[in-house]
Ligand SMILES: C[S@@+](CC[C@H](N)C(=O)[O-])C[C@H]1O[C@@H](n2cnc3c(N)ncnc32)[C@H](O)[C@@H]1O
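Given as structure tokens, the chain that follows is alone and in the form predicted alone.
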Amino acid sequence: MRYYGAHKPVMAADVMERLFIDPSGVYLDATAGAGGFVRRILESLKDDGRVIAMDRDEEAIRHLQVMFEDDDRVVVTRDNFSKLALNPEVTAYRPLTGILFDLGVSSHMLDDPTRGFSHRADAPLDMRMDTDGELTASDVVNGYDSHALERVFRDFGEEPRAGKLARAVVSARPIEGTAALAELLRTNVPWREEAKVIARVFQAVRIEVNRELDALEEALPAALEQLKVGGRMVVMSYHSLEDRRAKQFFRDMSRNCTCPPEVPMCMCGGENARIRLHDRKALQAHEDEVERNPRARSVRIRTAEKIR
């Protein structure tokens, strides 16, 4: 089982300060992964508190079950967080005290060469967070036409050369692995931009395979409904596409007036805000945090408290 080993949650102290409000509460880690944040919550949780550890990755679930098998306060469940409102473990304990989303691909998935998330080692073009999923990176890279690939590279990788790279991929098919895809990208961009282009394209394909942005847009409103009044939701994002969606959702839910734009004046009395923002802007890592944990470099943390 590859998940074993030390895991350092990103900005754990800051996240706990925002998330943890009740030692007898019920918390959902919707992206539990290696269990780093679950462990931190347990450190302050009383015997009557609970942590629901959710992940879509079967390997992570096996690890979590072993890691917390002797702690009755932990409930492990396998699911995509987009379906959290239908998950029986969540519905059994709602309303929840706190919900955490640590988005993106885990460091363990990146470090496992067989999963195909990284170009550092040659691997099959897979990139599925849920290994039971039907769509793979090979299906995208070798099956999408040039227009569909351009859309993926542009919309999910924010890649300026999306059209050129999409045509290059189509011309070079079949592409058999991550190394071949990375090498193809290198030959089509200036050498100074190779690393950034490869990272953007791999990110784009991964997001398409796992429908990550669609899942997030479904999960955020569902999570808000599961929270108790006074409960907290924390969203940790690692690229602008995720953070943009979290920011917009929090902005919409924190507005006092929810009247549609076509209404000439407020008809709701300005009392419809569902949440209160904990920070005016997204929290970012300090330099010492980045030195301890390089993954913190790109993180953006947004926190909201449910008030209605």
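In this text, residue numbers run from 1 along the sequence as written. The model shown is predicted, which means the values in this text are computed figures rather than measured ones.
Omitted here: the form predicted together with the ligand. The next part is about that form.
Point to revise | Heavy atom of residue 49 within 4.5 Å of the ligand in the predicted complex | key: Contact check for residue 49: no, nothing within 4.5 Å of the ligand in the predicted complex.
Indicate whether the ligand has at least one heavy atom within 4.5 Å of a heavy atom of residue 9 in the predicted complex. Contact check for residue 9: yes, within 4.5 Å of the ligand in the predicted complex.
Residue contact check: residue 104 to the ligand in the predicted complex, 4.5 Å heavy atom
The answer is yes: residue 104 has a heavy atom within 4.5 Å of the ligand.
Given that the partner is absent here, does residue 156 sit within 4.5 Å of the ligand in the predicted complex, heavy atoms only? Outside the cut-off, so no.
Could you tell me which stretch in 246-254, 277-285, 27-35, 41-49 has residues with non-hydrogen atoms within 4.5 Å of the ligand in the predicted complex? Among the listed stretches, the partner-contacting one is 27-35.
(Q) Is the ligand in the predicted complex close enough to 150, 165 and 194 that every residue in that trio has a heavy atom within 4.5 angstroms of it? (A) No, none of the three is in contact.
Can you pick out, from 118, 136, 146, 80, the residue that has a heavy atom within 4.5 Å of the ligand in the predicted complex?
By the 4.5 Å heavy-atom cutoff, the listed residue in contact is 80.
- request: Select from the listed residues 222, 172, 198, 215 the one whose heavy atoms reach within 4.5 Å of the ligand in the predicted complex.
  value: Of the listed residues, the single hit is 215.
Checklist entry - Of 280-298, which residues get within 4.5 Å of the ligand in the predicted complex if you count heavy atoms? => result Residue within 4.5 Å: 295 only.
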